[in-house]
Each structure stands twice: as structure tokens, then as C-alpha cells.
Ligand code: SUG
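This document starts with one chain, in the form predicted alone, laid out as C-alpha cells.
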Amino acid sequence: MYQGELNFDGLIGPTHNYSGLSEGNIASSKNSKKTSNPKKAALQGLKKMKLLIEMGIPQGIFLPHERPSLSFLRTQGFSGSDADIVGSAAKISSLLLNQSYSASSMWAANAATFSPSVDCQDAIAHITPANLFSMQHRRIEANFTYQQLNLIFKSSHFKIHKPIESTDLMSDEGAANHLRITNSHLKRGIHVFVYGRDTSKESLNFVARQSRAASEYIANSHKLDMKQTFFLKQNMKAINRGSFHNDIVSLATENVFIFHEEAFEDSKHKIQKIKNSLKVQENNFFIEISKNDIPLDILVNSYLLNSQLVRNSSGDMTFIMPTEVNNYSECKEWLKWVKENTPIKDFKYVDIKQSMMNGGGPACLRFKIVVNKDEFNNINPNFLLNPDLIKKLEALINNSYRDNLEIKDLSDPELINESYTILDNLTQIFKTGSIYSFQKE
């Protein structure tokens, strides 16, 4: 019997590559067209999941989406056999081909937004899959995410909403733009939704992905107490410097809320309103990182705040960070202060370079939920990691994933067969039946 925080990570799929599809994502652009290593990527992600289990926190897993998405290419006018479709796309539009092969569902922080039952007026946990409208290669994820969530979470204890209808004004990017602050996971908390734009038009160098309208829709449909729900606008400077999601410049776990000085517009006033809403104020840690201590560019490049902050068995907090943080003296100096002045006493570093090269740190890879004992028992156990499942996944990855994948390889018909064979094997391991379209043809 378990209650508390639970993370679901996306298993990195066999078509993990660097196509540079993500506008506003500096790492994605910087590493565009480089050779990826899908095998190493998947093993790195799995190793991070194992770390959470070792800390006593149950770990769930999402299956990769079907890639290449031939159904997407068919909607773009391509037809014929699988090989014909990929071959035609390679000749006519490499962009569409690359979008169909994207393994971006690995970043589970964008899968959905979650509200625990203790905060919802109907006492039911709510989950809304993100429509990911702002990026075409991610927009095609929403329907399968919805299907998979329904496989994992029983409807008797979880309300799975359909993704918000995709429009420019209702762009939703999931939990990467949502924070929850509470004295304890299982006690009522306050919700902070962070958005990039109020309207469909904003003057930015990069796309402001999350809309206020989508955030408000989710808060209302999840039946949250609006007196305990806040909406903060991203600082335009942060977006233009590469904070394409809010979870690059702020994070929150239980009574700890960390944010950069330039993370939000009208920051001091809005943060004070949130502080005032807390019934018990003295036990909360609102930690603002000064731009003089860590400049915004260094924060974005290091992915310091795109880390997992978890409560460990000793009652203190553990900060799980990418190894890249060690490259920045400013981050290391700030961490010394954190250890001396906050409940965060333990630091762990994870090597997830394959994900980081595409702009995803530890927090990007996971979808965090909070459950009571009854809800935990109504999660499909086939999607919860255990030693036997880990061994099966490691064997499949080591035996079937490629060591190297270049962008030109996406036009190789053999990659279609390799990917689909791996996905078919995964459905057998997870006992899901035929959930991919190629299995139903």
C-alpha cells in the first residue's frame, strides 16, 4: 500500500533523433542533425527511473508512441505501402518525415496536467492530456496519450478528460507549465498555472506555447478551488532566452517553490499573493534565484530547475539534477547556499545527455501525480516498474535499439520494421493487446 508522489516517465523510443523541430528550444536547435544514440538514450532514461525506485518512490512508465506515424503522413497526402509513404515524404518534405519520426513523447511532463483528488471539489483526481498545439510534431501525440492514460488509470478513481480542442487560443503544453504548493502531498494545496500569452498574438522571437485560456479551462474542468488557484504569466525575456516551458525557470514540490527572478511578469506582486493564500506561511520556502547569482542564460543552459525535487525517506528533500549543472560555477555556489538554508539536503546527478541534447532534463522526462492508497491500487500495475520489468526492458533495448541514428536514416524502410517490431514486443511485455494502428491493420 502506497500513498504520495508517483512519477510516470516516458520510455524513450527507438526513433530518438535530433531533427531540430522544436522552435525556441536552444538545445534542439544547437544539436540539430547530429547523430543520436537511441539505445543509450533509453537506458539513460531507465536508469533515472531506477534511481527513484531506490529512493522508495514508485515509478510508472508510458510506452512510446507509434513512430513513424504513417497515419500523420497519410493526412498530408502520402499514400501507398509503408515504404512508399516514407520514400515519398523523404523526397518531397523532409520536415514532414522528421515530424512523423519524432520521439518527443519521451518528455512526459508535456503528456497531461494532473490535479489530485484532495484539491478537487468532486474528490476525484483529474487528468487532461495536453493538445500540444504549438508544435506539429507534438500535436500528433494527444490522441494516443489519451488512450494510454485510460489504459493506466481506472475510471472509477480518475477522471480522464479528452484533450482540449486544438486552436491557437487554446494551446496546452501540460504539467510543464503547472505547479502545486502544499505542506504535504496528501493535504490540500494551491495550484499555479503558468502561461505565455493571453491572446493568439504576442510579440515574441519564439512561440509562447501555453495560453491562459487553456490553463483556465483546465483549472475549471478539474473543479479546483479558484480561490486557491493562480495564473502567472511567463516573463517574455525568459521565453526569448529559451524557457519554452515554465519548468526550465521554476519548480515546486510540497512546501518548496523555487523560481528565477526573471521567470514571471510582475513577479513580486504575484508571488506575494500566493504567499498570502497559504494558511501556514512560516513553514514554506519561497526561494527566488537572483539574476546576479545565476543569470537567466546560465539557468536555461544548465537546466538547473528542470530537475526533480523529491521528499526522501529521511524527511529531507533530494534534488535530482542533470550532470551538466556541474559545468557552471554559479549553479554550484547557489547549491551550497540551498543545502545550508533549505530542506534540500541531498543532491544526485543523472547522466541523461541524450535527452538534454534535445532540450529535456530530468523534470521533462516525468509526469508527476499524487495519489492516496485507494487511488494507487487503481493504477494498472503493468505500468509500474519492478525488477522483472526493468530486466525485460533493458534486454529489449540492448538487443533491438540502434546505437546510432542519423537524420538520413529516417528514410530507411528498415527503420519502420525495426520500430514497429520493438513496439509490438512492448505491448506483449506490458500486456496491453493491440494498441498501435499497425497492429490493427
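All residue numbers are counted from 1 along the displayed sequence. Since this is a predicted model, take the numbers as computed values, not measurements.
What comes next is about the form predicted in complex with this ligand, which does not appear here.
The partner is absent here; in the model of the complex, the one residue of Phe153, Trp107, Phe133, Phe319 having a heavy atom within 4.5 Å of this ligand is Trp107. Shown without its partner, this chain lists Asn372, Asn37, Gln44, Ser28 as candidates; in the model of the complex, only Ser28 has a non-hydrogen atom within 4.5 angstroms of this ligand. Per the 4.5 Å heavy atom criterion, this ligand in the model of the complex is contacted by stretch 238 to 246, the sole one of 121 to 129, 144 to 152, 238 to 246, 291 to 299. Among residues of the shown chain, Pro116 is not one whose heavy atoms approach this ligand to within 4.5 Å in the model of the complex. Among residues of the shown chain, His191 is not one whose heavy atoms approach this ligand to within 4.5 Å in the model of the complex. In the model of the complex, at least one heavy atom of Cys364 sits within 4.5 Å of this ligand. In the model of the complex, at least one heavy atom of Ser19 sits within 4.5 Å of a heavy atom of this ligand. Along 126 to 146, residues His137, Arg138 each place a heavy atom within 4.5 Å of this ligand in the model of the complex.
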